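Presented as structure tokens, the chain that follows is alone, the form predicted on its own.
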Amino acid sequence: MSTATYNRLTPYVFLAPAVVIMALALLYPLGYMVYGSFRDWDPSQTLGESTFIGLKNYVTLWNDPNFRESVAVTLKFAISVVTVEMFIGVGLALLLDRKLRGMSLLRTLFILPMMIAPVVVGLIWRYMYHPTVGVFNKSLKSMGFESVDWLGQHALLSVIIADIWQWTPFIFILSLAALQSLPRSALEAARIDGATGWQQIIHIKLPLMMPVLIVTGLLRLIDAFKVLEVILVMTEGGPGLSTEILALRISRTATEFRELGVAAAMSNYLLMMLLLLTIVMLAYNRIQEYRAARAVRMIEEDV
């Protein structure tokens, strides 16, 4: 073997064990779940003892109004929280991307909610929403207003607010990192040309940040589809199905209803939704990366 060939193959040799382990760790559970979704499977059986029923689980779910309601709640929840979190997180990053006294402490305070365990977040907000002793209703009563049934009539809004409070710092951190990594030459060229602060944000900063923002939004959207602990602690999916997102319905189907095959089929539906979403957003991200690179070249050429 020549030295050039040896040098070319060496990195792959070192990577091979990790690739094999990751492939087994990812593909085996995924294959197990897909295989189980085609079977009438309950916890009293091994997967091999269950009966093969083909696409029956998928067809049953497709015609199940409760499943469709859970999908609708999941989409409503995920789109709402990610939209608001992106708006607030990016806005805070733009606001705090400057040298001010005490800024390091302020940035640290912003990321504290993200460090709290989801179960604790659910308990905190559940007590804050309590109809009699909760801080929100006590504040409303002190101002002469009627108390609000936060976890009843406004349950979905309540869990959306809790999620926004916890995960906006995630958007903030990545947006701030993207801002601080922008090419200084492009910003200096915009200042020299007389661009105002808003013009720099709209025409320079946001377009150049867009590839990072798309990936950040995608990561947050994937996570929002799988939220479980906070909603389980706050509302347990109620009242009715108003806050029962798909992840919670999958958990209940497997543990309470003991229908592992149906739960596996639900998981595959969720997986297909996320895969489609990921492919679309990554394709859009490639387009934005190309546009950002072209914009930087044009600005530098003008300079």
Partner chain sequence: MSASTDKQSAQHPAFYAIIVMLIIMSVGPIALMLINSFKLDVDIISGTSGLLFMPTIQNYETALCDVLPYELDHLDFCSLKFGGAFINSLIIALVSTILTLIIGCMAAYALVRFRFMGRDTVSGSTLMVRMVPPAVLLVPVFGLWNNEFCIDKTSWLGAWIREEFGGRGDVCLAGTHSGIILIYIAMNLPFVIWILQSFIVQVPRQLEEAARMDGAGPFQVFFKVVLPLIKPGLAAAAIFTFRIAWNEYLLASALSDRDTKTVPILIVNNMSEFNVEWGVIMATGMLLAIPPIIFTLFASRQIITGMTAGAVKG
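Residue numbers count along the first chain shown, from 1. Note that the coordinates shown come from a computational prediction; the quantities given were computed from them, not determined experimentally. So that the term is clear: the rigid core is the largest set of C-alpha atoms that superpose within 1.5 Å between two forms.
Same protein, other form: the form predicted together with its partner chain, not shown, and the subject of what follows.
Checking 155, 73, 86, 173 for any heavy atom within 4.5 Å of its partner chain in the model of the complex turns up a single hit: 173.
Put simply, of 148, 79, 206, 114 only one has a heavy atom within 4.5 Å of its partner chain in the model of the complex, and it is 114.
Interface residue remark: residue 108 is counted as part of the site for its partner chain in the model of the complex, having a heavy atom within 4.5 Å. Under a 4.5 angstroms non-hydrogen atom cutoff, its partner chain in the model of the complex lacks residue 51 among its neighbouring residues.
In the model of the complex, its partner chain lies within 4.5 Å of some heavy atom of residue 197. In the model of the complex, its partner chain sits within 4.5 Å of a heavy atom belonging to residue 251. Contacts between stretch 19-56 and its partner chain, counted in the model of the complex as any heavy atom lying within 4.5 Å, involve 21, 22, 24, 25, 26, 28, 29, 30, 32, 33, 41, 43, 45, 46, listed in sequence order. In this overlay on the rigid core, residue 278 has a C-alpha that sits 2 Å or more away from its partner position between the shown form and the other one.
Remark: with the core as the superposition reference, the CA shift of residue 98 between the shown form and the other one stays below 2 Å.
In the core-superposed comparison between the shown form and the other one, residue 65 has its Cα shifted by less than 2 Å.
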